[in-house]
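In structure tokens, the next block holds one chain alone, the form predicted on its own.
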């Protein structure tokens, strides 16, 4: 009697299921395409392929849209389109730096707080999160800017110092649940060091949360940078959509809207696309929906 072959059951991981679901999300894919387009523009600016002459005076005062100047020129004759394109690099630079560093800091401190829940370490980290959350964001940024004497990274430091707390709280709650699972207890049983357990066995299981939070913070950082630059607390050496909007505050009174429209439209496109992609990514990585 011949043995009956039992077909092997192929188990898909959370990531493969999430990728499959994300690929079938038409809205999410369209949003991702727009984000990648903006990223290509930012990479091109960094490489010097375009908008390298954003600060040069190439026309007259407040010239209208034309083949030579797609969005016209500003008060001193600089090309508005080149300035708006260059600002895309600024947005991506700020967004990526703040999102990556705030996520890493929040993940590390949140994991430590959750793993040592109830100890003095947890109490100190919770107190620190509470203190930072209680300080009004823009007052905190202004204090750091003045304290660092116009250091170009003052805005980055201020945003990272406040944004990590939201990640830290989420990871703390997740780690409190994970630390009671069997594989963590087994690691304890064979005397694996606690910080090795956190890094190798717990944090990898929070990656889906960190990825979603990083996309959310990317958008928050861009919006905050625009507001801070508009208030004179953000970008100091370069160009930003916030600086363009600040410049347009006087031009709008004179009936010239090109600066305002160029910065607002490009910022709206990036923020909207990234928000839509973030929502699609969150749905795809939700374990309750990835079935």
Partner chain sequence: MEILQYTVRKLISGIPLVLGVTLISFLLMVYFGPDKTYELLGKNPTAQEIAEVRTQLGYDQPFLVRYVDYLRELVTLEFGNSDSTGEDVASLLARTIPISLALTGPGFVLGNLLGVLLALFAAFYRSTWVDKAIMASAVVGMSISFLIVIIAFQIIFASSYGLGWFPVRGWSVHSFGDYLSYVAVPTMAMVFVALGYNTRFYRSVLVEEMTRDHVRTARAFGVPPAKLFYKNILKNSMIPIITRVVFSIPLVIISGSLLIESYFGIPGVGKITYDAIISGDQPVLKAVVGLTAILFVLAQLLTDILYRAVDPRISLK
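None of these values were measured; they are calculated from a predicted model. Numbering follows the first chain given and starts at 1.
The form predicted together with its partner chain exists for this protein as well; it is not shown, and the discussion that follows is about that form.
Checked against its partner chain in the predicted complex, the candidates 121, 75, 143, 104 yield a single residue with a heavy atom inside 4.5 Å, and that residue is 143. Proximity of 66, 70 and 93 to its partner chain in the predicted complex is absent: no residue of the three has a non-hydrogen atom within 4.5 angstroms. The stretch that touches its partner chain in the predicted complex, counting heavy atoms within 4.5 Å, is 126 to 134, out of 94 to 102, 126 to 134, 76 to 84, 107 to 115. Proximity of residue 249 to its partner chain in the predicted complex falls within the 4.5 Å heavy atom cutoff. When its partner chain is considered in the predicted complex, residue 43 lies well away from it, no heavy atom lying within 4.5 Å. A residue is said to contact a partner when one of its heavy atoms sits within 4.5 Å of a partner heavy atom; residue 245 meets this definition for its partner chain in the predicted complex. Although the partner is absent here, residue 257 lies within 4.5 Å of its partner chain in the predicted complex, judged by heavy atoms. In the predicted complex, 223, 226, 227, 230, 231, 233 are the residues of 217 to 238 with at least one heavy atom within 4.5 Å of its partner chain, listed from first to last.
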